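What follows is a single chain, given as structure tokens, in the form predicted on its own.
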């Protein structure tokens, strides 16, 4: 069984079905990219995997490390090793960033300072979480939290959204540490699913596979760069037929 196995997943939000039978799997040490137009169900998939409130699984299953997590709470999934980075990280008044990092930490305490320096966030450690932060600072704060948590599965919802090129580079440096990108793939213990619209993250993080989601279905998968070029050239509507011709199992067997 794969590290993450999603089978016939149907998810509703406020009574409306968004995901209509998703099948998707990810092996340990792999990084997957999710492409798809607005409203296709990408963020709903992230919410369902992480167990966020409001995402009702009406059919199917999500298996992580051999355990069905479909009915587990957010904190139970977090303790199993699932970490989520929001597209729009919220501000939290009255809680210092340092306090949150100390609570999250699976690392030695001195890693807070080391990683904060890497992400240019040392001056923000004793400020309230994301209060008055710019878009890039919020995204760096999210990555710092993930670096202290070191989850086995990272769920990243548009990490480059609203972020300038310099910040994308810094964010990617942190993500590469979490994902052990300096190690051969056979020795990596963490995996990631990354939603992207712009594709900019592909210039900084090497991904192993890309999935295309449209109208609540996975249409196909393949090499991230190849699929992104097809989307840029022909758009989603014109490429829907060619995506459907890319068979995921056949491609993954060649990895």
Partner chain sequence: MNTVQIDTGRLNEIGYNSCVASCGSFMVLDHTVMESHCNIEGLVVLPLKQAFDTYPHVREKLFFNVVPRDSSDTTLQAAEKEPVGYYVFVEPGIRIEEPLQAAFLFGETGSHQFIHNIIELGEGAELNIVNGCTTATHGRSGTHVGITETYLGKNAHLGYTMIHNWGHAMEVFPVGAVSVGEGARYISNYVGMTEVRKIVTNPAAYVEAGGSARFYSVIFSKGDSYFDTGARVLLKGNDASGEIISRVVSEGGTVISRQLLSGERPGTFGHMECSGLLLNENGVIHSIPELRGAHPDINLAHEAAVGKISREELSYLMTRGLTEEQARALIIRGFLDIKIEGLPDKVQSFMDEIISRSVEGSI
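Residue numbers count along the first chain shown, from 1. Bear in mind the structure is a predicted one, so any value in this text is a computation, not a measurement.
Separately, the form predicted together with its partner chain exists; it is not shown, and the next lines address it.
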Partner-free chain; cross-checking its partner chain in the predicted bound form, the single residue of 183, 122, 99, 169 with a heavy atom within 4.5 Å is 99
Using 4.5 Å between non-hydrogen atoms, is residue 110 touching its partner chain in the predicted bound form?
-> no
Practice prompt. Would you please decide whether residue 74 lies within 4.5 angstroms of its partner chain in the predicted bound form, comparing each non-hydrogen atom pair?
Written response: yes
**Asked** According to a 4.5 angstroms non-hydrogen atom cut-off, is residue 157 in contact with its partner chain in the predicted bound form?
**Response** no
- Query: Applying a 4.5 Å heavy atom distance criterion, does residue 86 contact its partner chain in the predicted bound form?
  - Reply: yes
Is its partner chain close enough to 78, 93 and 146 in the predicted bound form that each of the three has a heavy atom within 4.5 Å of it?
yes
Counting only non-hydrogen atoms, the one stretch of 159-167, 172-180, 137-145, 112-120 within 4.5 angstroms of its partner chain in the predicted bound form is 137-145
